[in-house]
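Next up is one chain by itself, shown in structure tokens, the form predicted on its own.
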Amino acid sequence: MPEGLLAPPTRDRLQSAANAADVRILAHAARARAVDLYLTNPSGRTRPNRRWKIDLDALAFDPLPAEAAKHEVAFSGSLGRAIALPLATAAREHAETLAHITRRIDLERSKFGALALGLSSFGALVHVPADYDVAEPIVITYNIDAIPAFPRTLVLLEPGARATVIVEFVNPTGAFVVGTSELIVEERAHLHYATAQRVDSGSVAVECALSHVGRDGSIALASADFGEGLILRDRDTSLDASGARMEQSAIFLPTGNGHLDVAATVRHVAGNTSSQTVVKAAAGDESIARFLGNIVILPHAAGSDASLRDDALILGPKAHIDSVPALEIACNDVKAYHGATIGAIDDEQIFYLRSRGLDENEARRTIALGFFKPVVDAFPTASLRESLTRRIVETLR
């Protein structure tokens, strides 16, 4: 946790921060309700094991007034007829689009989604009109100041639209970031959405990500988390109509004394929908990690096809990973699969590579890179895939 944060904020301090936030983004009454829900809702996360030292229901931070922040958001990529705007600008110029997304996304059901909603003061809106294909990836870069940040990323693809959106965070040491991703993919649209971050020791990064996919639409989600801080990611994807598809890929590699807790839920609301989740994880030094994967198939979702695969490597004798895959199936005539493995790097593989001239460290790095490669390949651009590969190599040195 960042130094000097001794206690969770009081209700009065949170309400003062909410009242200081931009009313054009969200009205004060809605912010007050969200703050109340953050204070009363549990996180829903039990401690994975006795070594887990952080109470997620009592995070300590100081919610400074929004006007004191100097957070920035920048965009790159050729937009054509799409728009990509800071959230404050979008609230002034595209209020109806903002309201449309907010009506569809229920952030308040999550403790940290409610917190981000109540204190949100900046972020980004991406809106792609019907049947338009954005030729280049839209890159959103958040430059976070040294005080707490609550960014919201909203993406709306109208019917038949196509886009790739990449979100990057530049966080100082000691940062406290609680953000959201709110993604709506309407019928026949396709979104490739990727995010990658490194969280240093003493920093906190929390994301609540909610997605809805319409008839014959598809979404590809890719995330990568590295570092020695606290990382909490909660992703919920709803396949709302026949033909909706999702592919989800995730990398996480905590080190040092890092604490990482990732939960991914896929909801098959309608029949003839499909989802695939692949997770590659590793933990080094004395880090602790957990992946909670849940496939939910609702009563009227016959014909759903869902799979979840989670593989983890333990890179040190004091590191720890828990994998908790689950299925909730409420109808017949579905296909659903989950599987998980946790283990160390195979000694026979190391022996073989050493016999080919590599030393032990080189052999371990080669095996680990091969382990992560299928998920790295799921990220949308060559430059991002190269960056992730470098980061994996640097982490494994």
Partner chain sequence: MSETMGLRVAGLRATVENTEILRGIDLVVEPGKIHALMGPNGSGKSTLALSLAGHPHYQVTAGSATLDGTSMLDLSPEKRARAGLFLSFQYPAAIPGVKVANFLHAARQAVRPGSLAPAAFRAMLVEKMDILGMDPSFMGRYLNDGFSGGEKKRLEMLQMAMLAPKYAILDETDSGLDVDALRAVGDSIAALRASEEGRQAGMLIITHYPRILKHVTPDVVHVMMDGRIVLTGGHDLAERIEREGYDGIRDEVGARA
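Residue numbers count along the first chain shown, from 1. Just so we're clear, the structure is a prediction, and the values are computed from it rather than from any experiment.
Omitted from view is the form predicted together with its partner chain, to which the following refers.
**Asked** Out of Gly370, Gly339, Pro42, Gly343, which one falls within 4.5 Å of its partner chain in the predicted complex, going by heavy atoms?
**Response** The residue in contact is Gly370.
**Prompt:** Among Asp333, Glu328, Asp57, Glu360, which has any heavy atom within 4.5 Å of its partner chain in the predicted complex?
**Reply:** Of Asp333, Glu328, Asp57, Glu360, the residue with a heavy atom within 4.5 Å of its partner chain in the predicted complex is Glu360.
**Request:** Determine whether any heavy atom of Asp377 comes within 4.5 Å of a heavy atom of its partner chain in the predicted complex, and answer yes or no.
**Result:** Yes, Asp377 is a contact residue.
**Prompt:** Should Arg356 be counted as a contact of its partner chain in the predicted complex, where contact means heavy atoms within 4.5 Å?
**Reply:** Contact with its partner chain, yes.
**Message:** I'd like to know whether Gln349 contacts its partner chain in the predicted complex, with contact meaning heavy atoms within 4.5 angstroms.
**Reply:** Yes, contact at 4.5 Å.
**Item:** Residues of 8-28 having any heavy atom within 4.5 Å of its partner chain in the predicted complex, listed in sequence order
**Value:** Not one residue comes within 4.5 Å of the partner.
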